Ligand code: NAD
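First, one chain by itself in structure tokens, the form predicted alone.
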Amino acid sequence: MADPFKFADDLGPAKIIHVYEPAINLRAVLVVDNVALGPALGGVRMAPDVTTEECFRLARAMTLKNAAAGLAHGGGKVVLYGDPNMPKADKERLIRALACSLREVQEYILAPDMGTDEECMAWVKDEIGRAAGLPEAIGGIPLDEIGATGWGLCQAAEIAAAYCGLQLKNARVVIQGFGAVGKHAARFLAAQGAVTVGVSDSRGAVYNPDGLDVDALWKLKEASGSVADYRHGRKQAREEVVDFDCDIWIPAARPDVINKENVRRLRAKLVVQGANIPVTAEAEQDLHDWGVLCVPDFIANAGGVICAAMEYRGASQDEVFTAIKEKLRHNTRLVLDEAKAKNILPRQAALNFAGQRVKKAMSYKRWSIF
């Protein structure tokens, strides 16, 4: 039997719960990592190849993200095994069954993530009343629809660009994963004058050094579901998006897309991590050694969870966008200044910043060792 404590350290995880219901092929894992700051808030990720280890890594990223954003929430995550594009009735049955199985886990609040959306959270709310990232029709601020994470990425990119001698205006951007996060990032960056030269999704990639029409890419995604159908650029396999020459490279999809096998192919000055854990630790160290600036995931992509947390407490959309802008710009500057002053990786500076907040909160708990 595998060691059940293989992921444990001084922050967590507090709970790892495996959910299995063979009658409907429900297989899921919940990791509640740390609740010192409050009930864990984190998304439900649905994919056929998720793992317990991935769930733990994502839950830890949420602990750090929520702490860095100053939210009264700990970190947690659910991974749900399955094809997110399965028939709607089948998906609804799985999501509702998952929610019911977690009804008594009061220290975890469900939210959308890759493979799930606002409608999924409406099903969860209907079952157990404990969900964030809801449709507008039932009082939510639909973070995917308004692009909360993409808005935050734009703020982080603008601050970080100055540390690389760049400006957003005319900066060439490549986005790996033109989905709920990536397409909004492209839209907000375009409004600042940046030029998207390459994008990818699950079906392919396209590159044009003179720039891509972001509005046209949006329409293609809505019509056919893929940027691979874009006609005014060079079509390539989705994995080749790492080779596209650019100033700013934004991973906005799966974990570990930049790793020791492909890190040398990356051609950018700045990486702004829109996905959770998109760069392995080894690859991130290499990029730092080669002078490529990386803004860590739990700093750069916190817009979505800020939106979800504020929605859960009744905030308005305008309040959410203002808070995301203020927090993302402040935190990005704080982390990059410390990294520069101490000559350490931005991730280490971010870990110091967020970790101190978590440990301070833990020090007030009955069983604290800090």
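Since the structure is predicted, the reported quantities are computational estimates derived from the model, not experimental observations. Numbering starts at 1 and runs along the sequence shown.
The protein also exists as the form predicted together with this ligand; that form is not presented, and the subsequent description refers to it.
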remark   = Answer key, this ligand contact in the predicted bound form at 4.5 Å (heavy atoms) among 96, 172, 187, 221: the residue is 221
query = Pick from 142, 179, 82, 233: which residue has any heavy atom within 4.5 angstroms of this ligand in the predicted bound form?
reply = 179
task = Give a yes or no on whether every one of 41, 133 and 311 sits within 4.5 angstroms of this ligand in the predicted bound form by heavy atom.
result = no
task = Choose one stretch from 195-203, 281-289, 164-172, 97-105: the one whose residues place a heavy atom within 4.5 angstroms of this ligand in the predicted bound form.
result = 195-203
message = in the predicted bound form, is there a heavy atom of this ligand that lies within 4.5 Å of any heavy atom of residue 155, even though the partner is absent here?
response = no
key: Residue contact check: residue 60 to this ligand in the predicted bound form, 4.5 Å heavy atom   = no
ask   = Applying a 4.5 Å heavy atom distance criterion, does residue 76 contact this ligand in the predicted bound form?
value = no
ask   = Quick one: does residue 266 come within 4.5 Å of this ligand in the predicted bound form, counting heavy atoms only?
value = no
message = Under the 4.5 Å heavy atom criterion, name the residues of 230-256 that approach this ligand in the predicted bound form, in sequence order.
response = 238, 252, 253, 254
